[in-house]
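Next up: a single chain in structure tokens, the form predicted on its own.
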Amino acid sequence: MTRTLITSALPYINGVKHLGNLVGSQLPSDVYARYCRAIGHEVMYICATDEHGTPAELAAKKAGQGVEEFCTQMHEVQAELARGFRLSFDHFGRSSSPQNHKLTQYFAGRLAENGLIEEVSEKQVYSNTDGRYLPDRYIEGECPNCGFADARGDQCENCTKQLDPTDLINPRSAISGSTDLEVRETKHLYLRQSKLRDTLDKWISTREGWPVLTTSIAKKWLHDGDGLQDRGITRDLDWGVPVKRGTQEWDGMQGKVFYVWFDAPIEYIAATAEWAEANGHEPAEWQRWWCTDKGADDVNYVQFMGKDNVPFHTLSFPATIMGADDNWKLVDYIKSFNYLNYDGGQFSTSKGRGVFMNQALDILPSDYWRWWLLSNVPESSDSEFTWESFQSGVNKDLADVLGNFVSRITKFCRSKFGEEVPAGGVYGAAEQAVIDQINARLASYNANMAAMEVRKSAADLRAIWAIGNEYLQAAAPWSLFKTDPEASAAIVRFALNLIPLYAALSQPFIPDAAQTMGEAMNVDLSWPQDAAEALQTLTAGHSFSVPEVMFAKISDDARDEMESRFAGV
């Protein structure tokens, strides 16, 4: 049995995520996980909340809560939203877990043993107003590269250039806004990534079929300027994984924590350990996914993420894994995504601009959002959410094509033959043509799903739905029933058999609708290997029920109201 390990980039704990965050990793990874399970893979699908670092502390302060209390609350909020969008994680963990503390400290100890950790005295910004050192994300200012006014001390979100806090022009504290800052000397630990530059370069060059977006970002960080730089892995913060060498104290590092970028990817491993413990498994059960000397050598490991996370997953996390030199599984494929923009601009929490996950589920069921987002996923370039496009996708694809087909054929059968699959008549050339068309599209669908080409897969799925609509329209069993009820019965029987086929194929994209179709047809769903075989699932006399309206259309008035509501200030 093929074994597939899938990880989705960890969402920050600092608030509810918007639709762009959702489609940038979690939704596409869920589609792939559902597909892999459907075709018989053993799947481990992992995600977690990223709970350390500046965003957590700042968000907790704004909420008037202690950071631990805030993170516990927000983890459950994000877990509930994940369930609402039907994200089928095997485990949704927390980077603040005891398992991640232990593993992060273990990796740091191994890296130190292998000469890949260096203690560095550096100058760091201290805020006299706040009475503390300011880690990079606590400092904001003007980017020296592009002039963006709100660049952070680690990276400019506008031009993506990696920065040091002291690079910023007119810096200010992100806590208090104070400009009463001074530079003091402090000690931190650095991961000597530069020593692994050639190893990483060679490894990336051997990765076959990776998206151009992924490899181009990695190569840029490896070769531009002075090449791959050593990077600090500790910070002066209260909240985080305490700095230790394995289980031992680290002299001179008391009171410091590991930097969030270092511990967050390790949570992929830790979350799998959390899963094992939560389900009463021995450590060998999670180790078989991650330790190549314990069975993980035959695992296909795929990561999903937005392009802003690519440098850490192509360079820094692999450097941690390689540097530990301890039989850990490296990623086999990284699927990266561009950005989803919102109606001519960007999503903005502060301005109330755009739709966030909790708001989306309050408006419409998850399938509506899943379908539009996945059929417009920003793979080759940035894409843009507009209410007109969303309305069109829901109305034309879901309501007019799939929903209309299911409604027409089940209601017609009920009115003329009852709620049982009718007997009589034989299939002919028209039915064989449908089988041939679906088999051709099914081959394309499987190939695109296996290749993680999400938009192409969505187009294949819609085309398969459309084949049934076109067949039903041309065959017109309602007209034929008047003169040849047996021939009409054969058409109805054939068309009804398309519903469980559609349900099975639709599960990765619109799982609730797929379940509705499967339950209405009174069958267990299985991935079809061949259309001819699949279209014999329902035999004469098989009972079914007529589902309620599967997809309600979005009216122009409703579209305009939503567009106005989420336009922001």
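Owing to the predicted nature of the structure, the values given are computational and were not obtained by experimental measurement. Just count from 1 along the sequence shown to find any residue number. If you superpose the two forms and keep the largest set of C-alpha atoms that fall within 1.5 Å, you have the rigid core.
The protein also exists as the form predicted together with the RNA; that form is not presented, and the subsequent description refers to it.
- None of 456 to 464, 98 to 106, 490 to 498, 166 to 174 except one has non-hydrogen atoms within 4.5 angstroms of the RNA in the predicted bound form; the exception is 456 to 464.
- In summary, among the residues S88, N446, S366, N404, the only one with a non-hydrogen atom within 4.5 Å of the RNA in the predicted bound form is N404.
- With the partner removed from view, the residue among Y301, Y427, F412, Y342 that has a non-hydrogen atom within 4.5 Å of the RNA in the predicted bound form turns out to be F412.
- Relative to the RNA in the predicted bound form, residues G246, D560 and R565 are all farther than 4.5 Å at every heavy atom.
- Although the partner is absent here, P135 sits close enough that one of its heavy atoms falls within 4.5 Å of the RNA in the predicted bound form.
- Not displayed here, the RNA is approached by Y259 to within 4.5 Å at the level of heavy atoms in the predicted bound form.
- Although the partner is absent from this view, F312 contacts the RNA in the predicted bound form, with a non-hydrogen atom inside 4.5 angstroms.
- Contact check for L228: a non-hydrogen atom falls within 4.5 Å of the RNA in the predicted bound form.
- Heavy atoms closer than or equal to 4.5 Å to the RNA in the predicted bound form belong, across 1 to 22, to one residue only: Y12.
- With the core held fixed, K220 shows a CA shift below 2 Å between the shown form and the other one.
- Taking 2 Å as the criterion, D136 counts as shifted between the shown form and the other one: its C-alpha moves by at least this amount when the rigid core is aligned.
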